[in-house]
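A lone chain, given as structure tokens: the form predicted on its own.
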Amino acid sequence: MNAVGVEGVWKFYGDYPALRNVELSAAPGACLALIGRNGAGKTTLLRTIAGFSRPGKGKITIFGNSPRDTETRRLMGFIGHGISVYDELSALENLTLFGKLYGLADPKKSALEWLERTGLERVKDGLVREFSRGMRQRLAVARAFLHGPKVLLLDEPFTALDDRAIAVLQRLLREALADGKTIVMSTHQLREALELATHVALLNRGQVAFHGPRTAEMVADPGWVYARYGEG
């Protein structure tokens, strides 16, 4: 069974088809890099896979179930463009709250573990509104990994991260893949993504122009897929 399945998915904004008959899949343990120019549909596709948005036509599955099911949501971690933490709570209070929402057996223990893993244990009691952007970013990374998701959905995860947050995220993603987790990430930063990716999908105007295993040619020349399958 695929960890992520996208079957004949269309997504309309009014009459405009942002996604056009998208067919994709990611097996357990795979890392699928979604690439494409601005407006190609990458964010729309990720948000639809995450269950934040319903497809106009077609079907999305996470381990065979709808991403909008409560139990299925607990299998997913999402990092998007927003930080998605509460400014008026401390770092520890934020993660403990999310741990409770995910039904973790010991939310505070899990929160402390992930604060340590993201280098935030020394500021665990500090209010998030007083954090630097880099610290907030690392807290958002901790929130996404907190509940041990089997599928990680990342929308431009390296964009605007500071160097320390990039290093933390890359390490955690490598550990997740080694542990058999599945990653789907959209990105413009091809070199970083292709180092992690097992598969690549190129979106062009809402359609899949290429979907297949990552190859040595792609790693050697990150623009190879665009040159071969992209808009001329």
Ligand code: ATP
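Just count from 1 along the sequence shown to find any residue number. For clarity, every value in this text was computed on a predicted model and none was experimentally measured.
Unshown form predicted in complex with the ligand; subsequent notes refer to it.
Participant: Tell me, out of T61, Q170, N204, T44, which residue has a non-hydrogen atom within 4.5 angstroms of the ligand in the model of the complex.
Facilitator: By the 4.5 Å heavy-atom cutoff, the listed residue in contact is T44.
Participant: I need to confirm a contact call. Of K57, R68, H188, R174, which residue comes within 4.5 Å of the ligand in the model of the complex, counting heavy atoms only?
Facilitator: None of the other options qualify; the answer is H188.
Participant: Residue-level contact is defined here as any heavy atom of the residue lying within 4.5 Å of the ligand in the model of the complex; does R37 satisfy this criterion?
Facilitator: Contact check for R37: yes, within 4.5 Å of the ligand in the model of the complex.
Participant: Does the ligand come within 4.5 Å of any heavy atom of W10 in the model of the complex?
Facilitator: W10: no contact with the ligand in the model of the complex.
Participant: Given that the ligand is not shown alongside this chain, does A18 nevertheless sit within 4.5 Å of it in the model of the complex, heavy atom to heavy atom?
Facilitator: Result yes; A18 sits at the interface with the ligand in the model of the complex.
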